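In structure tokens, the next block holds one chain alone, the form predicted alone.
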Amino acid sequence: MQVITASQVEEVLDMQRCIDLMKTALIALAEGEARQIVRPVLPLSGKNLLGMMPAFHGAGKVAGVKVLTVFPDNYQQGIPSHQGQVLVFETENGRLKAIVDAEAITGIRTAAASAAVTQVLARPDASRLAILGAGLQGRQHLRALRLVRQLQQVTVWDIRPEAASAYAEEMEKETGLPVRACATAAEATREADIICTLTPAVEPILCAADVQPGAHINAVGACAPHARELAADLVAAGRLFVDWKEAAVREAGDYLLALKEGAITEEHILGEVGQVLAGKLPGRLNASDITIFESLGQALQDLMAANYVANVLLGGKRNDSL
């Protein structure tokens, strides 16, 4: 058994490799090739949570669980909101194979999943990216999305203007792309082809009037039934896809609150993105569609990413296998 640190994860798990792993994970989940349960969540004080995310992939002979805390207000202290470990077990005799830093895994795989889905749902000519939330995921999403689309400009908004300004300066220097900090979310998204919502918001930060026809949205920040980033009219206007329907109908506040308000019906979820990636479900139908990926983050994604890192460090092999 090996304990794998964040720096080791970041050294081994490059973003392009993780995008490929996330495609495999999302397809396996949609096609029933993996087993997992909706994550048990233990409420702590205030908005804070302790979550457990177990998964099993028979073909890979691996099972595991991510155990983590979620403290949404940690950004105010410069501390990550998600912290924990991924325990990876081989399933031939149940041996604990590795304990892998969950913060690093989550940081990379979340953005990689958005990129994998953007590749099939965004317009091929999409080049203007809006980032709402200038934290770690804001940075990782820009790094991931520039691998799947030829980006020409980036806008960023954060509830803390100083964070948006710092992001713009840092990421423009890193990527060579023009990055502009905006005073409002609406300003950031007004002309965007791809929008990523990456905030701890519990009330909508984006409505239909803020989004142009043809845009694709990766809705990532809201992962509880009482929290949402997207207003009901925007959810109603979009073609909505989820990472795992069983979880979405219990946890996705963007969907559940729009449903409660009568803006949509239960049939508004068109399917899982793994079905689109596998070519078994149509995604975007025309250039004017607004497409929405409701990303909750699933245990199989963590397991595949963590097990890949463990395999490389334990066996020295960099390949696509679990």
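We number the residues from 1 along the sequence you see. Note that the structure is a prediction, hence the values are computed from the model and not measured.
The same protein also exists as the form predicted together with a small molecule; that form is not shown, yet it is the one meant from here on.
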Answer among 145-153, 231-239, 129-137, 171-179 for heavy atoms within 4.5 Å of the small molecule in the predicted bound form: the stretch 129-137
Checklist entry - Just to confirm, residue 158 within 4.5 Å of the small molecule in the predicted bound form by heavy atoms? => result yes
Test of understanding: in the predicted bound form, would residue 215 fall inside 4.5 Å of the small molecule by heavy atoms?
no
In the predicted bound form, is there a heavy atom of the small molecule that lies within 4.5 Å of any heavy atom of residue 201, even though the partner is absent here? yes
* **Proximity of residue 81 to the small molecule in the predicted bound form, heavy atoms at 4.5 Å** => yes
> in the predicted bound form, do 27, 89 and 307 all put a heavy atom within 4.5 Å of the small molecule?
Replying inline: no
The listed residue (297, 51, 271, 60) that reaches within 4.5 Å of the small molecule in the predicted bound form by any heavy atom is 297
Among 205, 247, 211, 122, just one has a heavy atom within 4.5 Å of the small molecule in the predicted bound form, namely 205
